[in-house]
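Only one chain is shown below, in C-alpha cells, and it's the form predicted on its own.
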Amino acid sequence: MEHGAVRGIAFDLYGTLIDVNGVQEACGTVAQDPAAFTSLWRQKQLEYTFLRGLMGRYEDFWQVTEASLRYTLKRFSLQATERDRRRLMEAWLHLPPFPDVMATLPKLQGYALAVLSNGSPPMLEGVLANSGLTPSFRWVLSADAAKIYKPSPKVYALGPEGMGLPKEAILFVSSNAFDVAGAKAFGFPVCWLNRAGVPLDELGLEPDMMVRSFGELLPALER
C-alpha cells in the first residue's frame, strides 16, 4: 500500500470498534454459562447472514439476531420470557467500545471516517449513540442498503459510493478474518485488527497490514 494514498478509513463495527462480548452480562440473566451462550449466539448470528446471502433470503440484522437468539435458547434448553428476550436484544444497543478505540479515534480525524457494518440502521444508530462514538464518523453505512451481507462485494461497494472516494483510497479495518478477505477481494486496501493473534484464513487473500491493537493503527499508517 503506497504511503499517503489513504484518504478515508471505513471500519467494521462489531468486534472491531465495539465489543460484542458486552452482551454477556445480559445473557447471565438466563444462562448459567453466559460466555458459552454469547459465543453460540454470535456464531449463529454470523452463520445466518452467510446462509441468507447464499439463499437470497435477506432479513435485516435485527431479525437475524432475534432468530439466532431463538436458536441459542433452544440449544441450551432454556425458557425465556418475552421480557427476557427483549432485554437480551436490547443489549446489542448498549455494547461498549474497546478502550483503545476511544483513545485512538480522535487521532484519526485527519481522515474521512466511516462505519461499514452488517448492522441495521436502527441498531447502528443506537449502539453508536450509546457508546459515544457517533461524532467520530461522517458516514454510517449499513448492509441493509444492499439487502445482502458481507462478504458480498455489494456491501463493500457502499463505501466508495457513500464516501465519494475511490476504493483504493479507503482503508478498510476489521477484526473479522472473513471480512478482511471480503474487503480485500473487493479491492480495498485492508488492515486486519488481529487482537487474538489467530492465523489468517487460507483463502489466498492477505491484508495490506496487520495490527494487534487499535492503538497501533495510526503508527502503521504513518510508516
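Quantities reported herein were computed from a predicted structural model and do not represent experimental measurements. A residue's number is simply how far along the shown sequence it sits, counting from 1.
This protein has a second form, the form predicted together with a further copy of the same chain, left out of what is shown; the following refers to that one.
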{"property": "Partner proximity in the predicted bound form: Leu51 to a further copy of the same chain, non-hydrogen atom cutoff 4.5 Å", "result": "yes"}
{"property": "Distance check, Lys44 to a further copy of the same chain in the predicted bound form, heavy atom within 4.5 Å", "result": "yes"}
{"property": "Ser120 within 4.5 Å of a further copy of the same chain in the predicted bound form, heavy atoms", "result": "no"}
{"property": "4.5 Å heavy atom contact, Gly182 and a further copy of the same chain in the predicted bound form", "result": "yes"}
{"property": "Residues in 68-84 close to a further copy of the same chain in the predicted bound form, defined by a heavy atom within 4.5 Å, in order", "result": "Arg70, Tyr71, Lys74, Arg75"}
